[in-house]
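In the block that follows, a single chain appears as structure tokens, in the form predicted alone.
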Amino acid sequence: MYEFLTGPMVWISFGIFFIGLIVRGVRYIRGLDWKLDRVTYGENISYGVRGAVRSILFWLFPYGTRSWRKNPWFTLWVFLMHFGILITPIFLLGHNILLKEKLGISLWTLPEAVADTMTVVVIVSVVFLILRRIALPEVRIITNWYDYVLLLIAVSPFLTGFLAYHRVADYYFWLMAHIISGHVLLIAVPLTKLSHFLLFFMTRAQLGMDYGIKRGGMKSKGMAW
């Protein structure tokens, strides 16, 4: 079982992950109405590129937008969670040992104490976001079981990995749970709302481009907002 999960299943999971995200991206692009305002867009494409980059960068950093600044604690935990989810698995020592064994390559690795701390931060961040959804009426009303399931899918590899690393109770059980939950997360990304892993950049670029082109186009015609 272990050999299958760390061998063929890895290729299956990553295959679904990458192919699924490509399909998601292509479907998003094909779904855009390219005929809308095509003259304006064609004449002011440079404003669009700048607008897209600006939109992504302002939303990519904590407190870069008014929305982030209006909810400082929410922003802090969201960024800590996403930072940990993205960085920890890539630069974890154990993952890079497997990468070296399977493909003969290895990346720079985090000190184990740092990786352990980041794992705890991810777990605490998800707990905070779950409690926030339960406690705040304006958030609770738009939350359903699906949102909680996605949060659990996201945090499960970190929780099980933490328990396995610290050898809590049955090490083999938590190790297998960690590997399986990692596969579930990879497969779920392109198939669920977790696809914002990619679509965040595409939607922010689209909105920024639209705003930049129209604002730039108006300014180029002697008009200002």
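All residue numbers refer to positions in the sequence shown, first residue = 1. Remember, it's a predicted structure, so these values are computed and weren't measured experimentally.
The discussion below concerns the form predicted together with a small molecule, not included here.
Student: Spell out, yes or no, whether the shortest heavy atom distance between Leu86 and the small molecule in the model of the complex is within 4.5 Å.
Tutor: Leu86: yes, in contact with the small molecule in the model of the complex.
Student: Flag Val78 as yes or no: does it have a non-hydrogen atom within 4.5 angstroms of any non-hydrogen atom of the small molecule in the model of the complex?
Tutor: Contact with the small molecule, yes.
Student: Is Arg133 near the small molecule? Define near as a heavy atom within 4.5 Å, in the model of the complex.
Tutor: Yes - in the model of the complex, heavy atoms of Arg133 and the small molecule come within 4.5 Å of each other.
Student: Taking any heavy atom pair closer than or equal to 4.5 Å as contact, tell me whether Tyr211 reaches the small molecule in the model of the complex.
Tutor: No, Tyr211 sits far enough from the small molecule in the model of the complex that none of its heavy atoms falls within 4.5 Å.
Student: Would you confirm whether the three residues Tyr2, Tyr171 and Val184 all fall within 4.5 Å of the small molecule in the model of the complex, going by non-hydrogen atoms?
Tutor: Contact check failed for every one of Tyr2, Tyr171 and Val184.
Student: Given the stretches 159-167, 23-31, 194-202, 173-181, which is the single one in contact with the small molecule in the model of the complex, using a heavy atom cutoff of 4.5 Å?
Tutor: Going by heavy atoms within 4.5 Å, the stretch is 194-202.
Student: Can you pick the one in Leu129, Ile123, Leu110, Leu99 that has a heavy atom within 4.5 Å of the small molecule in the model of the complex?
Tutor: Looking at Leu129, Ile123, Leu110, Leu99 one by one, just Leu129 meets the 4.5 Å heavy-atom criterion.
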